[in-house]
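As a starting point, one isolated chain is supplied in structure tokens, in the form predicted alone.
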Amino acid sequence: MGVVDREFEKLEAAFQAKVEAEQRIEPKDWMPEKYRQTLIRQMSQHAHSEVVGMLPEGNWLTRAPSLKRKAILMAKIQDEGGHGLYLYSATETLGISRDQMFDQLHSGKAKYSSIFNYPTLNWADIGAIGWLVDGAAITNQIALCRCSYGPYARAMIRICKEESFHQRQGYEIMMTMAQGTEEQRDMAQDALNRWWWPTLMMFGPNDSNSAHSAQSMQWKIKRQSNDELRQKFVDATVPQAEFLNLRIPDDQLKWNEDRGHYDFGEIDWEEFRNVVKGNGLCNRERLQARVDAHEGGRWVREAALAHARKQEARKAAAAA
């Protein structure tokens, strides 16, 4: 073993010891390249998901059933844009530019959450997204507040607080519809039927098939495995559905007294893989919308940069 190899082993051992001691890794600290790349992949995917997640809800801004609902939904969408900004900024501390992240998204190299490739067919879907999708996000993101990478963990604290309001507004929509007319109750049940299984897919593949989960847990990027998080979400959500008098669309769902958890049916992983590959109902529509928005705003970015350059030139001239 060469001197370089021994030095690398020492650095890696010191890094892991710091992680085990629950000390945060900061941008200027030494870190393994695989750790950095894992964070870039996960954090940029998270940022992309926040921004793409604005699209299915944005379709309903002009069709919200009241001014109150419109204002709440607009605030929620603005929050998601802010979450994307926090996360892009945090990811930039790892040495990747925002333009690079956008290029990866627009080329299809970078992924975003598969859940946003499903359509919103009626107003009840907005309730289901808030209740189920944001509820699943909170389940996953609470653990990320203790992520070993400092900028990511700190960004998640505020994001989780705001996501909790999103989840509550979604549940309130579903409660209102579940207590409404027969047609409204049917719409709420239909939305639950369509969003339940895609929401369970949000946590990723089973632990035995997850390529990154074990290493991410060793580095304390993640604190709980995909299956643990999925189980936690199911256990929390089934009683909420029962309170609404809505039925979870799973004939195998039942309480297991021995385990102290709900048993539930097998996820259609073929559907999950198909959506991730880009063949979902809205994959192409979502990606094209992001590309069009990016290109449409190019002149604004160029004008802002030109203005900034003029300001710097004026300052330099004044100083001279």
Partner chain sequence: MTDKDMLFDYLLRLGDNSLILGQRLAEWCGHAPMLEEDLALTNIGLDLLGQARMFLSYAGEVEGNGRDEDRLAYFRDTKDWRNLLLLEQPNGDFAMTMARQFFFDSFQYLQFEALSNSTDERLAGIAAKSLKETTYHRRHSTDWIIRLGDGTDESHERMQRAIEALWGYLPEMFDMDAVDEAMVVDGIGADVAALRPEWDEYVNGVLTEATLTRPEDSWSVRGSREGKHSEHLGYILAEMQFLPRAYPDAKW
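We call the rigid core the largest set of C-alpha positions that still match within 1.5 Å between the two forms. Given the structure is predicted, the values throughout are model-derived calculations rather than measurements. Numbering follows the first chain given and starts at 1.
In what follows, reference is made to the form predicted in complex with its partner chain, a form of this protein that is not presented.
Checking 178 to 186, 140 to 148, 127 to 135, 232 to 240 against its partner chain in the predicted complex, the stretch whose residues place heavy atoms within 4.5 Å of it is 178 to 186. For the marked spot (Leu55, Lys70 and Gly82), a heavy atom within 4.5 Å of its partner chain in the predicted complex is present in each of the three residues. Its partner chain is not drawn, but in the predicted complex it has a heavy atom within 4.5 Å of Pro65. Using a 4.5 angstroms limit between non-hydrogen atoms, Arg301 touches its partner chain in the predicted complex. Interface residue remark: Ile77 is counted as part of the site for its partner chain in the predicted complex, having a heavy atom within 4.5 Å. In the predicted complex, its partner chain sits within 4.5 Å of a heavy atom belonging to Ala293. In terms of contact with its partner chain in the predicted complex, the residue from Arg98, Arg158, Arg247, Lys111 that brings a heavy atom within 4.5 Å is Arg98. Interface residue among Phe203, Trp219, Tyr118, Tyr88, judged by heavy atoms within 4.5 Å of its partner chain in the predicted complex: Tyr88. Superposed on the core, the two forms differ at Arg309: its CA moves 2 Å or more between this form and the one not shown.
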